[in-house]
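Next comes just one chain, in structure tokens: the form predicted alone.
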């Protein structure tokens, strides 16, 4: 019988609360939360690699693959079930990662970051030059079904929100177990001293390769959920600013806890929404000031506030 630790208990409680709130909150807020949680899954992929000392500036590559798999599955393959579409996106993303990961895991530091960015921009260029995929405008996603049920209008938005919360909660539980496992601890050791890890008889490269595949899969899930929520995909999903946004959120929340990316993603979405409303021509500057303040006063991210209170209480 599996025993839940304190973090997992809180994650389950948060999932139940969010599911209940979804039936009470206004539709515009549930839509923002859906996108925030979907992007938080991509950020989890970034965080997994950051914990091992690698920063991916091209996670939009797999985010875009997940989104376009949903769009192309409905448009060209006549597949409309959400679970089949998400599975298709994960399969394609992991397949691509399995190939390019053999190259990526040879590089470290700025070389890894720039190469990941280059690969993401290659996908952006391919899509932009392809009129079948809508070129720069992208294309709309066909109405999805959920195990044969075809919700419409507000029901569809609520169903996607519930699905996103359930998937995010399940993956958060799995990630928490992974981070606290022996393999999760090895990531920290690789970040500190990769050579010593090799002397212990482990292969840092293959551990990083496994991280890369997992990050690709979970990022594809985020991209698929985003496409289902918005009903549209476009090349901007692979653009460098999108990948930079994921790194921004990772820095905003910190890498020490599995809940940090979700909190940071929700805060980022709300700040950007109100910044666009109050200062539509300078909202990027507001986000820049927020990140600058976090780096100066909370270099380990927002979650360091919670961790600091726990240490003080102890």
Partner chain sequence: MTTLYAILIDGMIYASWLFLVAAGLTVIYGVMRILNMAHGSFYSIGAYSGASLVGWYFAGGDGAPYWSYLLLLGAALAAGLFIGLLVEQGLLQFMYKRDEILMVIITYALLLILEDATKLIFGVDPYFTYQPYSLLGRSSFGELTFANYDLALIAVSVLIGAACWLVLNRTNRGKVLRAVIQDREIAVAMGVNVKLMFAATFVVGTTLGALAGALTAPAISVSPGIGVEVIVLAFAVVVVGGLGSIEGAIVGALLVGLTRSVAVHLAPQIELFVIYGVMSLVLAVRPQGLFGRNLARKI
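Numbering follows the first chain given and starts at 1. Since we're looking at a predicted model, the values are computed, not measured.
Beyond what is shown, the protein has a form predicted together with the partner chain; the following relates to that form.
This chain is displayed alone, yet in the predicted bound form one of 150, 91, 103, 98 has a heavy atom within 4.5 Å of the partner chain; that residue is 103. Residue-level contacts in the predicted bound form: of 166, 143, 77, 114, one residue has a heavy atom within 4.5 Å of the partner chain, and it is 114.
With a 4.5 Å cutoff on heavy atoms, residue 170 does not count as touching the partner chain in the predicted bound form; it lies far away. Residue contact check for residue 251: one or more of its heavy atoms lie within 4.5 Å of the partner chain in the predicted bound form. Taking the partner from elsewhere, residue 240 is found to have a heavy atom lying within 4.5 Å of the partner chain in the predicted bound form. Contact check for residue 52: no non-hydrogen atom falls within 4.5 Å of the partner chain in the predicted bound form. Looking at 68-76, 83-91, 208-216, 122-130, the stretch with residues near the partner chain in the predicted bound form, meaning non-hydrogen atoms within 4.5 angstroms, turns out to be 122-130. Contacts between stretch 244-266 and the partner chain, counted in the predicted bound form as any heavy atom lying within 4.5 Å, involve 244, 245, 247, 248, 251, listed in sequence order.
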